[in-house]
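Single chain ahead, written as structure tokens, the form predicted alone.
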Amino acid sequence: MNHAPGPRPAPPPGQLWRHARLASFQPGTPWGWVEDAALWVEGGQLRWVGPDAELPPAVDGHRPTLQEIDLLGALVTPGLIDAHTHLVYGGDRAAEFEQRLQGASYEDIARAGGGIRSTVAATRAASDEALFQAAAVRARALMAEGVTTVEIKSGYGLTEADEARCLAVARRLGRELPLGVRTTSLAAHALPPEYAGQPDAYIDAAIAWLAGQQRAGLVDAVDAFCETIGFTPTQTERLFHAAQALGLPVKLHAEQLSDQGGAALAARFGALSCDHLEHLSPAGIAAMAQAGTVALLLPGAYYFLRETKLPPVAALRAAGVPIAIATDHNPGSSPCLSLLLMLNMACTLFRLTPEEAWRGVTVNAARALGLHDRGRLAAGLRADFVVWNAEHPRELAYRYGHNPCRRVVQGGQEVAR
């Protein structure tokens, strides 16, 4: 029996948030700073943002219906965006963490059948509900630190059915939590046991799954792991041609462990982002700059794997390549659920400035997801913002191990904490 859809939920009431110290990340001034600011929110959007003393006359006509909140000088920033995660999976890899500390490398473990394959086995064995409940716990941990949008990749199912259900779990998170969710198909994450020694045949299969994922509304972008222990540039290119034919944007795990020329390849397809990039070459940087591709750096994985080769931050900066930062939350190489910690790591390990790191989890993170309605605070954008127990955002990059998040607003609605 067909049922008519229920009534749409009423939009949140209008709000006037006043007397904030505002880091809007609008161009023109460092941090997009406004010392005594107001934000007028209606219908889930920012209707006006600017100095409190310059509130437009139109506000007066709406005051009877506006909830007015005096922030008494608290810091307000855009909602944080975690643009690279693998939140949906089963099991953990704590035993492999111990192995690495006893001398095994990430590559050694992967080639011995551990690594991603061990998580694939645990994910396939888990029920949909178990995957959802575990992923929801992880998502709420990010939300507690002010994350309002997250990207979630598949890549731990590696069959048509299991990849689809992992993407469906990610979509469910976006429906049931006050969280923006973008999904990425990462079937080209590792070679499953059913295709041992047949990487080209597996890429053929992964390509065949894409159209069904798109028809089911499960996928926003396509990714691949282009690496010596992943897939070759030629295999990656075939996948990207298929994504392009379906109108799906691409991104790439590129140059993490070696220089495979993946960044330049992805840039030819207008990739939204190339991620990791410790071994990125000057040619890759030039290609990304020309394509407008975001460099998405993942300091948690760099730290956890005890890497020593830094991504070429100075060269990226000089070339004008936008830099984003993310947790890369996954069970094998970055089991971290703190984007605030990534701010500090980006500064201490990669030598980003605090403002660059902050732009990496707001403006440039939105760009890495192809989103133009968030990441800044300006009229017409989504009302996604965070109120902090701090005077300036540099404090959040400076301190680590604490959470000064006071209030979170997502789509104009305050998120219960």
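Because the structure is a prediction, the values reported are computed rather than measured. From 1 onward, residues are counted along the sequence shown.
Here the subject shifts to the form predicted together with a small molecule, a form of this protein not shown in this document.
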{"query": "Selected contact from Pro311, Gly79, Gly157, Gly332, since only one has a non-hydrogen atom within 4.5 angstroms of the small molecule in the model of the complex", "finding": "Gly332"}
{"query": "Contact assignment for the small molecule in the model of the complex, among Arg182, Arg165, Arg138, Arg93, heavy atom within 4.5 Å", "finding": "Arg93"}
{"query": "The small molecule contact in the model of the complex: Lys251, any heavy atom under 4.5 Å", "finding": "no"}
{"query": "Leu265 within 4.5 Å of the small molecule in the model of the complex, heavy atoms", "finding": "no"}
{"query": "Any non-hydrogen atom of Gln256 within 4.5 angstroms of the small molecule in the model of the complex", "finding": "yes"}
{"query": "Partner proximity in the model of the complex: Ala243 to the small molecule, non-hydrogen atom cutoff 4.5 Å", "finding": "no"}
{"query": "Non-hydrogen atom within 4.5 Å of the small molecule in the model of the complex for each of His86, Phe225 and His276", "finding": "yes"}
{"query": "Stretch in contact, per heavy atom within 4.5 angstroms of the small molecule in the model of the complex, of 140-148, 332-340, 126-134, 199-207", "finding": "332-340"}
